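To begin, one chain is listed below as structure tokens, in the form predicted alone.
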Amino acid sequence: MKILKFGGTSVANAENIKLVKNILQKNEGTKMAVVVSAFGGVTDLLLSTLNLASQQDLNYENNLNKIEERHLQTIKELFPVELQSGILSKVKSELNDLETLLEGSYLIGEVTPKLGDKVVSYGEILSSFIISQFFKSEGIELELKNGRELIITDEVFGSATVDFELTYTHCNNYFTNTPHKVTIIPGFVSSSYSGKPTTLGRGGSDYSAAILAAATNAEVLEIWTDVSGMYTANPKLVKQAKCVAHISYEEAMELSHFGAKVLYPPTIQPVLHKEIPIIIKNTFAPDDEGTTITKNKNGSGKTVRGISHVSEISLLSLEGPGMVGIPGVSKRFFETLSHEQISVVMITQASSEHSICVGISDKDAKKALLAINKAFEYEIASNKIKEISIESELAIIALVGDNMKSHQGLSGKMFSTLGKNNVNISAIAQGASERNISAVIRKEDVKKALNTLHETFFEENIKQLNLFVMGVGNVGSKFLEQIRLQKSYLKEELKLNLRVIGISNSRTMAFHENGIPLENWQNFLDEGQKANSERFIQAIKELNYRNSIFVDNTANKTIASHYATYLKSSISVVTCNKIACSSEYSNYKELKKLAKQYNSPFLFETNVGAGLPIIDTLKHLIASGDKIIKIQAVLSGSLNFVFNNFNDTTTFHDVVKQAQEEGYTEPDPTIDLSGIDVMRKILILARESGHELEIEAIKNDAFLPQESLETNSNEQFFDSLIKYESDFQRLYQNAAKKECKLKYVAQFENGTAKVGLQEIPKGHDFYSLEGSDNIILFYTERYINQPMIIKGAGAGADVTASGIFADVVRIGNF
């Protein structure tokens, strides 16, 4: 014999009920008990209606009309007109009885648990009748059996306790003697010894089915719902969640206790002792394998089987010196909660006996606070116990698995994973069976925590990076294109999955929670909202994604000023914007400190040398114990391009204009030609070498006329270059006479730095530097006679974008 239970979503409407009929017909010839829930959402509507009536709010009548319309409409869609009359008559009769009960509640202005059981049971009573009549009309031979005649309980209305001995007797008598292959039974409902209507509590339809399975020694209990089994995490919150083919009873209980909605926790208990398999199946995808729940016979399987959570949790803490060594404090504490019908979800206690902390539902927090304050009134007044504290709007997140106890380091892995993503933990608990590890976190961090832990324990080490890109001009657009082209490679070879969640230029910004399609990001951005750097930050915080990285492709001072805000939110920063790292030394150090404090990398490789590994190499030298003695470098790709192409057959104006048009200079070319850009770069290298230096201390031997430096627009600047062409030609001729080349050189030695135009003779390492290349010489204690040389393209959108890309990959590999 099989027991099949169909939940509210499976019987939510006429279309879904027809799917249930198809499932039954596939089991034709098998003896079945089919337990059905109320139509989806009806139980909540009944509770809401009763609540309104008890408050003497006439809006309860509107709800009642909705309930009636829902059932009558389903009948009209399921049955031909000629079959509707008798069914409508029966349903309206039941609804009239329901209306009478609600009117009574309205008149007296209150509701009792006994009345609540009567009212809320109408959902299953009505659905089971309609469904059974439809199945009969479709040729399925069956009987409708009232669950109240089978499941007997005490008279604790609202959540009755089952008398299993009497219930099993009733079930055996019925199923042994019934000639029908199929029996339809309303779930959730039961009756007391004296025949009064009771219910089994929310989720009680699952429980009804489990009781029937145990009573009849069924071969299997099938729970049909709207998902294809139990998942490694909630698939609505974790897109990468996978269905678990097989888990143990104990694992299923832990997962359902911690929020896995597909199974009501008490369901497992009746079938566990008789080792009746439970199969979770999808009504809307009946051919999917689903999840089978059985005894774990050999201890095989993955260490962590699932990650679940419970929302709307409050932490209630009792602490004080008067608790230490005093017997009975815990007893009084938990008895008080028990008397108030408050369920405790999680318990932690300090080994010093100084405090007890419990997790309870948010809805019970106020009631618990009042009760505990009253129970410990004397101890609080005499300062033996502190004022009771409650922290609300929390959630419990739990790792579950039978084999966790045999693996070391799981707790450390869990907590370090959460810590890296700035998920603060308020309390921790681990069951004595070592089958679960639970942590209390902020409610708003649940999605990030679930995804982060799922990535760590289930996704074959594929790490997802969520990028927020500011600036999509020359460099930014190349960066996005590189991500698009390399996405598959990164996933397959480096186990990194890059998603661009947000992008912005100076006009508009746009976000997509599942990733912006990089094939047409321009169109997506054009349809976005007005750009605002503050709102951009706020949007990233509200999304609260794991492994979030802010990428700054601008040269904007305001954007750079926000880095600290990102880092404090555990959002990594990758930037080619040199402003932050060349600002006041105190700001530079603060950003570096925040990156360590909040475990949010702050990388700026492209600040010097675009895509060349200059800063990274310097870091490795310092980390290995080497010491920088001197740095000599040509660090401006734009200036090198200019002086490599400027001669007596060209004009300085035309060469600079060409450099700007080809993307070698900043949008404002005075930043490059004034030497400010090179000053910033040598300053950053000096600081990364361990020296405290401000930009004002760097000597700048400027070659531009003062008038050019003081222009207010690009047009004025280029006009000034024409005016002073003879001065630039003189610089060239003087160098040419000596068979030298002009190079703009930066140098740092003995704690001091300088930049300026130099005449470089033949044979020097800088002499043959072509195009827009950069070159840097590191003289160190290990490289004292022959310096370490790094040379290559030091400007251009492609190489700068590749340097930013490399920094993002570095973060992915942290």
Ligand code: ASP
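Treat the numbers as computed from the prediction; the structure is a model and nothing was measured. So that there is no doubt, residue numbering starts at 1 and follows the sequence shown.
Below, we refer to the form predicted together with the named molecule, which is not included among the displayed structures.
- Taking a 4.5 Å heavy atom cutoff to the named molecule in the predicted complex, the contact residue among 203, 663, 601, 320 is 203.
- Distance criterion of 4.5 Å from any heavy atom to the named molecule in the predicted complex singles out 38 from the list 38, 53, 33, 755.
- Using a 4.5 angstroms threshold between heavy atoms, residue 43 counts as touching the named molecule in the predicted complex.
- Not displayed here, the named molecule is approached by residue 188 to within 4.5 Å at the level of heavy atoms in the predicted complex.
- Of the candidate stretches 628-636, 195-203, 132-140, 413-421, only 195-203 has residues whose heavy atoms lie within 4.5 Å of the named molecule in the predicted complex.
- Although the named molecule is not shown here, in the predicted complex the stretch 117-148 places heavy atoms of just one residue, 124, within 4.5 Å of it.
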